[in-house]
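This document opens with one chain alone, in structure tokens, the form predicted alone.
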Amino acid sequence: MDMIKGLIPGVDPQDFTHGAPVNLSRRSVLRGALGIGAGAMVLGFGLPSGTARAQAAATMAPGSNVPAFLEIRPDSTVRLLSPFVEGGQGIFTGMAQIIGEELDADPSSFIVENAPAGADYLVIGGQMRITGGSMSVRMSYPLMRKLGASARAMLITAAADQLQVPASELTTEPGVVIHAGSNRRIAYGDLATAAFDLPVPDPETVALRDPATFRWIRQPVKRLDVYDKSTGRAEYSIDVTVDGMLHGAVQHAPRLGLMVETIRNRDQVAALPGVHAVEILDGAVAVVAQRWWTAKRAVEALEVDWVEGTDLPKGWRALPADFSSDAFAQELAAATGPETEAEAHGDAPGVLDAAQTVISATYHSQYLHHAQLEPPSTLARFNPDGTLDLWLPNQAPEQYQAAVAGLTGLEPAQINIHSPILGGFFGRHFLYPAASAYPQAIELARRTGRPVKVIWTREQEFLRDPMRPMAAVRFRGTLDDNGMPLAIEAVSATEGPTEAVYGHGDSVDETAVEGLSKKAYAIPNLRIAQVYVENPVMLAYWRSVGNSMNDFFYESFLDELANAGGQDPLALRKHLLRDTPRLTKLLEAVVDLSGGWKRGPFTAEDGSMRARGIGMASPFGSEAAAIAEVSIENGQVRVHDIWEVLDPGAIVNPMLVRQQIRGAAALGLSQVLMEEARWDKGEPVARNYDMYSILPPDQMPEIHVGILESGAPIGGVGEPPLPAVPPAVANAVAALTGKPVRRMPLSRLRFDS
């Protein structure tokens, strides 16, 4: 339990699970519904009816119940129910590689789907599962290997019985059990029925492969989801249809906290052809129609008078009518109050107070949208047996199941959470009050008595998308006689996403200070603290969470100290990391990848003046270092190249790792160069991409990727490459202009080289 709380500080595992196994399905019903033949090893369709077997499964630790995850079909293809949601990061392929390695089944033979909600899938510490925090592989790698090995052992046992030979005489090749002595071979599909009736072995007793014999782990196995996505067969939440379904579209209040006073033309809109109903919801109006486009046009035609709400739903924040994000940034910079320490050693305040020279600086970050490609949607269907089916993009099925149970009064086992693949997520699809379509879909389905699918337009999403927090960090630093940092103090005025979602407590929110605290640099006197300032807007997790802004703050200030002490930033980092071989090697690797350290300013071959900057980050169990090369064009920053090396300890698929590094670097660039969500008079300025800038293709630099496998415990991949990029860019700009960069995005500033 304590370990889980450590994974997401401030989060109780009970927020992610209802704590009871769910009867996911009926074997016979699903066989018939899906056309599965009697010979299939139907491991993914629920337990056989035997009492002893069912009781044994009920006591299995999460992640060890093979029948909950795998189905082997007569043609020896493998259906895997993944405990982690595919959202473009390639986890379906990674899971197939890990399990297939131990099962001895080619990953290309896998058909992977998102698993439903259920206790079997709580594979993170045996207490929860989320697809986030770059936890999928690093928190399940041993479990998934044992799962594949257990399934292989069951197949071998079934083959031994059929061939009447000892199991010890049998081996496997991909998809086949082999008895070398008699030269007999049996395909996995032919063993399915017999293997299905065997007990699942104790996962602690199964033998795992020697990594030296791996066929697929550490190989660039092709992604399993590419074909369906490239041919349009992939099904997202917005694609799902069921019989008798109606479509819902919404118009949110222009400011969170407003409620409907009256709809002036309700009767006229309700009478439009194809319109089924016009409904009033919390902070919104909705139209239900036969077609979504009809619903959209109709809801946009509603003339609504809004009024300040007096009884808001739990967790909602009423945004003040005069709220301005620019004014709030100034408020954060001036914020005082109790300072909760996140890290302290030595006597930073005392050393700084006594120092003759103190370098002081205040850094700012901006609000950010998730801006994922797929806007929120939910399809809700109440069934005659009292159950509720929900299809919705999500990163935590059990969390949604528990929340819907509380909303509807149903038991968790009556709520079937279907998790289609995600059209991008970046932390967007956790359970945020006021930011999800599912309460609207459930309520509209209840009122109409029909299945209803609600889809938010991009404009409605931008009104309700919860933000990456804004922060202002006040730094003080001083140097020793050699020009090296002697003391650093950083006090962040902010609210972390965890405390925003789950409530502010007495201790520091680690997601507010990660990237400031627990840095590996050998600073003799250090103090990191947080001043809690509640944000008026709804907050959320964002890719790499606190690291996304805090590494920009810390790494940029470190360059300021280097400049003040007459030190080269690379040499300063090497000195501060002299007792950390892993990070020293990482620094050397990124310098080698870039062709050698060349800070500049220098004249490039095209005649432009350029400079380079460096940044480092240590998020989610991995280590990253990046170098950026920039120039100034018409007063704005142009990034020409990014060199980045990631050390995640160990990898599963190098191709996926490279894709993740490039994608994360692109998002880090977009953040530091141009992304910003702004508010004026209580409303977001941007309602679509025309006012919310993201990095365009013609500004995407070349991303040069390096991967180190240090042998450290396996770390994350999806988020760790992002935080090192913004400070690398900012430090390059500072080297080129001679002035420190203390805020994001850089598009707010104008530069001269």
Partner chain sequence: MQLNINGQTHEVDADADTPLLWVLRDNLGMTGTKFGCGLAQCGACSVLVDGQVTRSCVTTVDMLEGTEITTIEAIEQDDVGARVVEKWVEHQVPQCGYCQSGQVMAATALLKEVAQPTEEDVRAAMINLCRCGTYNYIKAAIDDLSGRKGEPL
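Residue numbers count along the first chain shown, from 1. The structure presented is a predicted model; accordingly, all values stated were derived computationally and were not measured.
Although not depicted, the form predicted together with the partner chain is the subject of the following passage.
Heavy atoms of Phe110 never reach within 4.5 Å of the partner chain in the predicted bound form, leaving it off the interface.
The partner chain in the predicted bound form is not approached by Leu70, whose heavy atoms all lie more than 4.5 angstroms from it. The partner chain is not shown here, but in the predicted bound form it comes within 4.5 Å of a heavy atom of Leu667. Among residues of the shown chain, Asp239 is one whose heavy atoms approach the partner chain to within 4.5 Å in the predicted bound form.
Note that among 344 to 352, 533 to 541, 644 to 652, 456 to 464, the stretch whose heavy atoms approach the partner chain to within 4.5 Å in the predicted bound form is 456 to 464. Relative to the partner chain in the predicted bound form, residues Gly423, Phe426 and Pro696 are all within 4.5 Å by at least one heavy atom. Residue Val226 is the only one of Leu208, Ala334, Val226, Ala327 with a heavy atom lying within 4.5 Å of the partner chain in the predicted bound form. This chain is drawn without the partner chain; in the predicted bound form, the residue among Glu279, Glu374, Asp104, Glu499 with a heavy atom within 4.5 Å of it is Glu374. Using a 4.5 Å cut-off on any heavy atom, the residues of 647 to 683 that reach the partner chain in the predicted bound form are, in sequence order, Met655, Arg658, Gln659, Gln660, Arg662, Gly663, Ala666, Leu667, Ser670, Glu675.
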